[in-house]
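One chain follows as structure tokens, the form predicted alone.
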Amino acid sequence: MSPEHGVAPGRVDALLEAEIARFEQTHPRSGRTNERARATMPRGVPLHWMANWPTPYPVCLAEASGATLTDVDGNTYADFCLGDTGAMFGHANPVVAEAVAEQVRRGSTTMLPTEDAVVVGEELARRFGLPYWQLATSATDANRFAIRIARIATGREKVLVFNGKYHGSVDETQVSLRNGRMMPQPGVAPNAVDWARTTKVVEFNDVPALERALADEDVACVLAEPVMTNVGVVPAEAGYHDALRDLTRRTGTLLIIDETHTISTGPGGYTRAHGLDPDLFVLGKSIAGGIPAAVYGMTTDVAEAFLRYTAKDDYRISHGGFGGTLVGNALTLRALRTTLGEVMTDDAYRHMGALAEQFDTGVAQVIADHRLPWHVTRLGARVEYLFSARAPHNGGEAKQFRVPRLEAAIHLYLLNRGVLLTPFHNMALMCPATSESDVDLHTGVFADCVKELVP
């Protein structure tokens, strides 16, 4: 760790050691549960990400409600992770729970549409401005299908992504930039993907690099978050989205906007708030009250290409490489309709945004009090702090600002005192059930943690 982060490495190491011991004392049953699970699951978890917390073993959940978690040892937490956005509108929302329970009794999946599908399609078009919509089971699948449609519509093969992005586990996107060269993302094996054939990657906010990458007119689509969120928040600089839209149009490249994280901006996402005009739009994780679901929308022109490719011809049916047997099932559509109509409301966003502003102010004050070269950024209901004096310009810079051991020490200190952040970075989300006292708890514990770290 370098001195510019404002914290001596020795203090971080000492805090980590003390907090690990405290965690083991207060989470014995979680430890025993994980040990038992290791006999049948790698790392003792059903998804390896669940073991990526800065703890000796994962906390084992007993119950989640609103913005509160309870583990098997009886510890409770103010939850600012919210399932890494999947529960951004709260756990076990009673309105959604009742609707889902009712639908389960009426049948969950039949491979037939329901009237809920009509309402969901109309609401998505109203919110996000794109006229045609399809469903997927995850944002990864929605991105995969959006890329496939773009290739069909353009006749091109390549997809362009930004260094430090996250669009799920789509094979073509598992790349990064290292010394200006495209490389497999750390921890990703090359396998059978020929990235030189399928992918281009540039830094976010770099208009000349984007222009060079699109100049050959061989890119089917640019897949972009409107603000990068997976390496700390990287805001779009003034004029960047205008340049992105202009360059994609001039080169015949389709623009896919992935709002799976940036839906924190508002009821219509960053797209509506800032007047973006994508050809395709992807949204997942949070939109069905915890039921796995994602949607992807498209313009009329793109929908016509999609229809030509997937049309039933002479009674022969082809899935065209889209969908899945459980996609668009009745249970998911009921959850989607209820969440969009009764949970993701303007009032809910006002509440979430006000608390995020309170959270932002509290963190900024602690940073200022200790004169630390850190910063905090808010994106609607999402707040992140990073160990640099300013927001990063791009993903490569954001990676350089990360300090894993310092991050782990802060997260574990907070967790041991009843505050849960997203394990992958310093991200906090507000939900409709988050309270001012939850935010004050974080501010107070964060301030105590910094006092431990800074002489």
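Since we're looking at a predicted model, the values are computed, not measured. Note that residue numbering begins at 1 and tracks the sequence as displayed.
Just so it is clear, the following notes concern the form predicted in complex with a small molecule, a form of the same protein that is not shown.
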- Taking 4.5 angstroms as the cut-off for heavy atoms, does D84 touch the small molecule in the predicted bound form? yes
- Query: Can any non-hydrogen atom of A139 be found within 4.5 angstroms of the small molecule in the predicted bound form?
  - Reply: yes
- Looking in the predicted bound form, any heavy atom of G168 within 4.5 Å of the small molecule? yes
- Query: N93: heavy atom within 4.5 Å of the small molecule in the predicted bound form?
  - Reply: no
- Given that the small molecule is left out here, which of S108, Q185, N230, T251 has a heavy atom within 4.5 Å of it in the predicted bound form? N230
- Heavy atom within 4.5 Å of the small molecule in the predicted bound form - residue from R127, K285, R337, K200: K285
- Task: Please name which of the stretches 175-183, 222-230, 96-104, 241-249 has residues with heavy atoms lying within 4.5 Å of the small molecule in the predicted bound form.
- Result: 222-230
